[in-house]
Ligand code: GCO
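Single chain ahead, written as structure tokens, the form predicted on its own.
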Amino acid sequence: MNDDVTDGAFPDGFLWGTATAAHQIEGGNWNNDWWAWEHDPDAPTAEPSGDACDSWNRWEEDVALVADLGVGTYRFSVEWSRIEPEEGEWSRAAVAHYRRLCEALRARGVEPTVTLHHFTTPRWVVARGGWEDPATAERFAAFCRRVAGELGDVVARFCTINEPNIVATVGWLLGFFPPGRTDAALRAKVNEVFVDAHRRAVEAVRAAAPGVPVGLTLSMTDYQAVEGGEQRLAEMRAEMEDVFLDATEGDDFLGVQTYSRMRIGPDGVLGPEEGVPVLDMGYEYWPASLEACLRRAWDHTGGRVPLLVTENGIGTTDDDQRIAYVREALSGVLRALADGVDVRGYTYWSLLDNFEWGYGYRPRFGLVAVDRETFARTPKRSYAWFREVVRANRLVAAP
């Protein structure tokens, strides 16, 4: 491992970004499985998403914030249930909305990175079996083919599916995401459908938008074996990560998304280690996880796919803690780069304090605060600090 990163400089052309997702910021996305889940009184959710950050209407404010941040890309998702509210019914108005967003970013010198599926699935797809039905892979590919055909000229890169491993595991094994199942066999089947959907989506995007890079984004965890937990760790990692890492061969990039570590004993997941801070999401403050996962992704894929950090961040009300976390995580990126890991960019999650799924609005990941009553946006100190990092293309001291 190369520890000599005192210079703190990133390579020329390193791609800086920030990110959001449609359901978490737009508001009013009632036509998908998550809206139904939020309003199920038996579901383990803190609160419904409601108006979210009202970004469907305030997207121009968000574009201005992204542009002022100075980043090279803004990663956001298009909402399948808005664009195709029923099977075969295409909303030209919704597509036009996303085109305006892309064009506005381009006009400000920011590349749109578009995610085609970020956790939410249209109700009509769910009614036909959802991700348990192998036919959903082709339904999704058909959606991707048409979106890429209509937006490919203004999109810089496409991400097919955001964290399919989280959707499958939390929805079909742990029961905390829709559809709330706890069935290991079904989870394995859903994994297979997601892998097929990704491969079909890559082909669809390449056919409809030749030359536009396309890849998968994967939730990765710094798994650490404790007290004989090596075998259990290997089993968990195979189901959570390896099946999807193996599906990225031939892709233009792999999006690595990391937030913390997980300690594994012989019987499974252990709790946080004594003395390590625990964040609002229930996991440990562990910025070193990013470096570990970048190295792991690079090694597992044999270095055949360039890496992008498509999400990394921290949910906290302590902005000094946010800056410290990101600074340490970025130091790890520099060490990985120095050792030859091909990391092309870093995207902070998230631009805005937004709807964090089952946790509601309590976790604060944003560089920008959002007033829950007025939706007014207020950049934080971490926003100003990250802007300086981006402008300098190097680590800078905390303000």
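Just so it is clear, the model here is predicted, and its values are computed rather than measured. Residues carry their position along the shown sequence, with the first being 1.
Keep in mind that the form predicted together with this ligand is not shown, yet the notes after this line are about it.
- [ ] Find out whether any non-hydrogen atom of residue 259 is located within 4.5 angstroms of this ligand in the model of the complex, and reply yes or no.
- [x] Close contact exists here: in the model of the complex, residue 259 approaches this ligand to within 4.5 Å, heavy atoms only.
State yes or no: in the model of the complex, is some non-hydrogen atom of residue 357 no more than 4.5 angstroms from a non-hydrogen atom of this ligand? Yes, contact at 4.5 Å.
Worksheet entry | Residue contact check: residue 119 to this ligand in the model of the complex, 4.5 Å heavy atom | Answer yes; at least one heavy atom of residue 119 falls within 4.5 Å of this ligand in the model of the complex.
**Asked** in the model of the complex, does residue 163 have a heavy atom within 4.5 Å of this ligand?
**Response** Residue 163: contacts this ligand in the model of the complex.
Task: Selected contact from 59, 349, 361, 35, since only one has a non-hydrogen atom within 4.5 angstroms of this ligand in the model of the complex - done: For this set of options, the contacting one is 349.
Considering non-hydrogen atoms and a 4.5 Å limit, which listed residue (324, 281, 225, 207) is close to this ligand in the model of the complex?
Of the candidates 324, 281, 225, 207, 281 is the one lying within 4.5 Å of this ligand in the model of the complex.
Partner-proximal stretch of 84-92, 189-197, 285-293, 111-119 relative to this ligand in the model of the complex, 4.5 angstroms, heavy atom: Only one stretch passes the 4.5 Å heavy-atom test: 111-119.
Worksheet item: in the model of the complex, which residues of 364-380 put a heavy atom within 4.5 Å of this ligand?
Response: Residue within 4.5 Å: 365, and no other.
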